[in-house]
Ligand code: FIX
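The form predicted on its own is given below as one chain in structure tokens.
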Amino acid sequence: MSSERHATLRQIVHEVVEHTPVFDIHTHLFDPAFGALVSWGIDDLLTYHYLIAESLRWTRGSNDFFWALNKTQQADWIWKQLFIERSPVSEACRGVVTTLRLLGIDPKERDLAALRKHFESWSAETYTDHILKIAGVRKVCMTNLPFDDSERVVWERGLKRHPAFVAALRLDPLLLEWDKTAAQLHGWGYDVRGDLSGKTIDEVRRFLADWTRKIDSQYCMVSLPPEWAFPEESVANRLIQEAVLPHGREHGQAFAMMIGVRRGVNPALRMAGDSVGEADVESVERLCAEYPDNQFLCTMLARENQHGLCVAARKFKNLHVFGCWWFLNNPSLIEELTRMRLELLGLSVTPQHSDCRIMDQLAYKWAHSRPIIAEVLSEKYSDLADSNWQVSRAEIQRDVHGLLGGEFERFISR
């Protein structure tokens, strides 16, 4: 295939990827109906935990001075450290600059007070719609935690749902903090016991069914430490086997596992103090093998786990690999993982999710990821073309739709 035809094919792929709406299958965003829980605007962008950890690297001694500041003061301090006194070259800093550009805001004066004025005329509702349009996102999956008092009360009083926002039921406290969670469930009228005896398993399943219906959950999910092992005996594994997976089969709920986070390795950084550890891919394989009638979604945090996870997905059709999570959400790693996944799994993956906590981040995370996905995909199509296999624009559109959320929708609807 000539270099000119390669260039044309590349241009078509980039155009299709750029204009195909995304289903962002895992975020920490909230529907604007959640009011005060919705994070957006320049101060929330700057005080995101990625930037907190990065900015505090430039200090000595205690971090107490930072936590004593209010949000505006924290944003001022981070802006000074990372954008004024140094060039914002990290991916998290670049994301802020990209977001401003996509919003039509020129940051060249580097005046944070002036930047804030651009956000004053928006409401959470109108700003959400604006960001969704800029980001080219058709649907956003939230992470919903009924054990959080501030969130649960919104669900219980009822809300008018934004059509672009769907829910996922997060189970971390249920599976990883059972002693505490059992007391909560008991207080809500579920007949559970700390030792899992009596009606506990049935009542946990009743709780899962109640909340799956209440929030219209797309899937159930948990974030697991790297030490998690299956079928090791533990309260978490028993609840997974006897409650979560039967619930999944009965209610059509895939079980999403995000594995490899080490919580609080530096408590002085608070939410920014988590780290990464290599996990056990064989545990995922054993779970998929033992429960072939359940659907499993999986992403792992350690780079070292990515090849093994891809191989596992080749062996188990009930396993869907997704996203470049957290510390992997950097351009060099997104490119590496996308290429490896396409080479091993073809188009049966979801190469990216945003993991956003701030509404504005939808704009930059997809603006940064789309060209990488497009470039890797165009290389694969060019390889085919060199062997005289030509793909049409319609076929490219079909494939890209799948990669940007369509394949996930197909997988969870089985």
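One-based numbering along the sequence shown. These numbers come from a predicted model, not from an experiment.
A second form of this protein, the form predicted in complex with the ligand, is not displayed here; the remarks below concern that form.
- Scanning F296, F207, W79, W325 against the ligand in the predicted complex with a 4.5 Å heavy atom cut-off leaves one residue, W325.
- Only one of S223, T181, N305, Q218 comes within 4.5 Å of the ligand in the predicted complex through a heavy atom, and that residue is S223.
- Among residues of the shown chain, Y381 is not one whose heavy atoms approach the ligand to within 4.5 Å in the predicted complex.
- At the 4.5 Å threshold, heavy atoms of F34 stay clear of the ligand in the predicted complex, well away from it.
- Under a 4.5 angstroms non-hydrogen atom cutoff, the ligand in the predicted complex has Y50 among its neighbouring residues.
- Contact check for R357: a heavy atom falls within 4.5 Å of the ligand in the predicted complex.
- Only one segment in the set 308-316, 255-263, 130-138, 238-246 has residues whose heavy atoms sit within 4.5 Å of the ligand in the predicted complex; it is 255-263.
- Applying a 4.5 Å heavy atom cutoff to the ligand in the predicted complex picks out H26, H28 from 18-38, in order along the sequence.
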